[in-house]
Ligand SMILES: Cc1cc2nc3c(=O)[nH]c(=O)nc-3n(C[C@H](O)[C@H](O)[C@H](O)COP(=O)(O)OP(=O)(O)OC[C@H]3O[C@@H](n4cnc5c(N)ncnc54)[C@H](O)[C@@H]3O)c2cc1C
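Listed next as structure tokens is one chain, alone, in the form predicted alone.
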Amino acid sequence: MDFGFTEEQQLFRASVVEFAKRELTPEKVKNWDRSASFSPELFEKLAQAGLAGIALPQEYGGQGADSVTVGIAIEELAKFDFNVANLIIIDNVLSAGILANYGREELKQAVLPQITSGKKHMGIALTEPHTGSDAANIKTIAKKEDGFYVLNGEKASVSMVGLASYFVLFAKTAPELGSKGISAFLLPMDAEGVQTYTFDDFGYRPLKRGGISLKNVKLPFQNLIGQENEGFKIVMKQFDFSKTLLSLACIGTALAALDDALSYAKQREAFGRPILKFEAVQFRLVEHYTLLEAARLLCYKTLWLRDKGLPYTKEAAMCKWWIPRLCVEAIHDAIITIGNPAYSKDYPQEKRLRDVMGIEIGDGTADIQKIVVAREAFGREFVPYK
């Protein structure tokens, strides 16, 4: 048993930190949040650093990094900006990762180099206005007509609307089969019949959550990703990877919040001494650092299992139900430790809280993740939906 990272991974972690210090400055991060838009220069810098396609195959310009190394990048980027870390997850894992693993070669050659170079972005479109956690209940339909798939329906609460040029979109090709009748498609956002709208969210702002309306959108047969009616299996496998990385992003953000609170507590004086000398402050921080260390180990164990080709669905669901809530509580207590200065938008703490809270909702709620853990640990005969 070895709990250490390789020398190469440690050097990589240091390089990501140096990149983030240089390119993800507090002023830049604040501007991206307030304008709800990343600067184009960011994408170029991420590509130059090899981060834009870190998890994508080398033949398309990516780095082909293992899961643990990808996790290192996500954790360290999130200490500077949660949303940049999430951008990498969406581009590399939730969307382009699906295309890389299941798409036709001509699609991969046409799209993936644009992602790894930072010139284009991708998103994933699964959730609909009437259904989120019950993903198998989507109503968007794809019918074969005259050599095309014709899509009709609506996607909602989708990240990257207005930013992504392509979406991996899920629609029912055999509605009578339920979850076994869902297929995945590559949707170019300039296709005729596609309309979009966005939400004015309080967190997650540069990632542009919104919706996609599809009215008689024609996609050629080659835009099918994977086999017809295999889309639900594809996305569930990919979610195991992405929700582990999202949990690490939450941890990185929470650790940054605690580090700021610790620095403040060392300097701030009350009753003639630094407030860190008071046990109430010490114990509050110690408890959060302890829990985050345990959560961090769970995340890296989960990624290690993936790299070894071992099952990790249970562990990924454990990460997702527990860690976002844990990190929200840590950031909240970091704000309490700093006090009224942290209540200002001039401090990064309030943004950290806004961003991480979104992961308690998106990409699988805690309730759903607990059902997954129970299914994997206790057996499928005890699932509540059968």
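Please read these numbers as outputs of a predicted model, since none were measured by experiment. When you see a residue number, it is the position in the sequence shown, counting from 1.
The form predicted together with the ligand exists for this protein as well; it is not shown, and the discussion that follows is about that form.
*Asks:* May I ask you to check whether Tyr204 falls inside a 4.5 Å heavy atom distance of the ligand in the predicted complex?
*Replies:* Residue-level check for Tyr204: yes, a contact with the ligand.
*Asks:* Quick check on Ile361: any heavy atom within 4.5 Å of the ligand in the predicted complex?
*Replies:* Judged by the heavy-atom cut-off of 4.5 Å, Ile361 is in contact with the ligand in the predicted complex.
*Asks:* When the contact criterion is heavy atoms within 4.5 Å, does Ile371 count as touching the ligand in the predicted complex?
*Replies:* Flag for Ile371 set to yes.
*Asks:* At the 4.5 Å heavy atom threshold, is Ser159 in contact with the ligand in the predicted complex?
*Replies:* Although the ligand is absent here, Ser159 would touch it in the predicted complex, with heavy atoms inside 4.5 Å.
*Asks:* Just to be sure I understand the contacts: of Ala125, Ala316, Ile251, Leu77, which is the one whose heavy atoms reach within 4.5 angstroms of the ligand in the predicted complex?
*Replies:* Only one listed residue qualifies here, and that residue is Ala125.
*Asks:* Using heavy atoms only and a 4.5 Å cut-off, determine which of Gly181, Gly226, Gly211, Gly132 is in contact with the ligand in the predicted complex.
*Replies:* Selected option: Gly132.
*Asks:* Counting any heavy atom within 4.5 Å as contact, can you tell me which stretch out of 132-140, 279-287, 190-198, 251-259 lines the ligand in the predicted complex?
*Replies:* Looking at the partner contacts, the answer comes out as 132-140.
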